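Below sits a lone chain in structure tokens, taken as the form predicted alone.
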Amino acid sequence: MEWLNLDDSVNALSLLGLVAIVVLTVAIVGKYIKQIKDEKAEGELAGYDWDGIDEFKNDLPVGWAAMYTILIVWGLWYWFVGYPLNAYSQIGEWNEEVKEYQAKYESKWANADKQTLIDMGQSIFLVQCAPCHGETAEGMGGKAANLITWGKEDHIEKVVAQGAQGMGFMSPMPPMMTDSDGAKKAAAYIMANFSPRGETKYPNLVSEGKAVYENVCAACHGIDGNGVEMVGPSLVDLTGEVLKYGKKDSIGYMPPFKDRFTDVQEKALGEYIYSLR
């Protein structure tokens, strides 16, 4: 009879509750059966009538009121002191194990080299991202963004010129904030200074692009490219921003992946996406 092991607090508490319910049920039912047999209804009527049934102005039964109060007190004790919040939980144990594993993971790979991060990012991509973006990251015929071009110089130039739907900020990025020549210069400056690649196809345009960026882009993305809270995302870590906020576009909506990845995993995923050609 392992189920009757009273050394287990859950079993003991459950058995105590069972005994209390049985005793109270017998006592209360017996009391009211006796009243039905021996007593007649009496007291002041409330003056309400439902199909010939009157209502008395009686006080709450003392036993009922007492049990109602006791059950509330017991319920609060049970939840906050007795069992659920202070007892063993498989979910709680799993969460603690995940935290412990993630801490070890972060420590082990904190100084991983670039190629290791790219390989790690590819594994993460194939599990988490490929169902929408495809195993080759080309977006599966427009069902999701083509990540081979996303975040690269041509893509940034296009966004500067045509605007973007945004990632849940106060308003989307409007189009035509500069002409095509200005967009190319701004993209060159962004790629040279903020992109993980740190290089541009047009190094001769970087100095002119700085002026375009500061006049057109910095108000939302910050002079240092780290973004402005609730206004514009960081250009230093575009992958991390999309994972944090999700992405709305003409082809649909990507939900946020906030807290899905550790910092190292997020960095690895970004390295893999930026490595795509």
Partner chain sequence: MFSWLEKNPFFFTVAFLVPFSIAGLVEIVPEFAQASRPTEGLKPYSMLETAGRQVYIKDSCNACHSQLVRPFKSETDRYGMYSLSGEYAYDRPFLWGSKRTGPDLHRVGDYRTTDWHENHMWDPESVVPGSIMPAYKHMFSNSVDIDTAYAEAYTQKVVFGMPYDTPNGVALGSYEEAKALIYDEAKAIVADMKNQDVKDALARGEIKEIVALIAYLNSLSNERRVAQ
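Bear in mind that the values here come from a model prediction, so they are computed numbers and not experimental data. Numbering follows the first chain given and starts at 1. For the two forms, the rigid core is made up of the largest set of C-alpha atoms that agree within 1.5 Å on superposition.
Below, we turn to the form predicted in complex with the partner chain, even though it does not appear here.
Screening 199-207, 146-154, 181-189, 120-128 for residues having heavy atoms within 4.5 Å of the partner chain in the predicted bound form returns a single hit, 120-128. Of the residues given (Leu76, Ala110, Met176, Val98), Val98 alone sits with a heavy atom within 4.5 Å of the partner chain in the predicted bound form.
In the predicted bound form, the partner chain sits within 4.5 Å of a heavy atom of Gly252. At the 4.5 Å threshold, heavy atoms of Lys244 stay clear of the partner chain in the predicted bound form, well away from it. Not displayed here, the partner chain is approached by Gln102 to within 4.5 Å at the level of heavy atoms in the predicted bound form.
Using a 4.5 angstroms threshold between heavy atoms, Cys132 counts as touching the partner chain in the predicted bound form. After superposing the rigid core, the C-alpha of Trp74 moves by 2 Å or more between this form and the one not shown. A displacement of less than 2 angstroms separates the C-alpha positions of Leu126 between this form and the one not shown, with the rigid core held in common.
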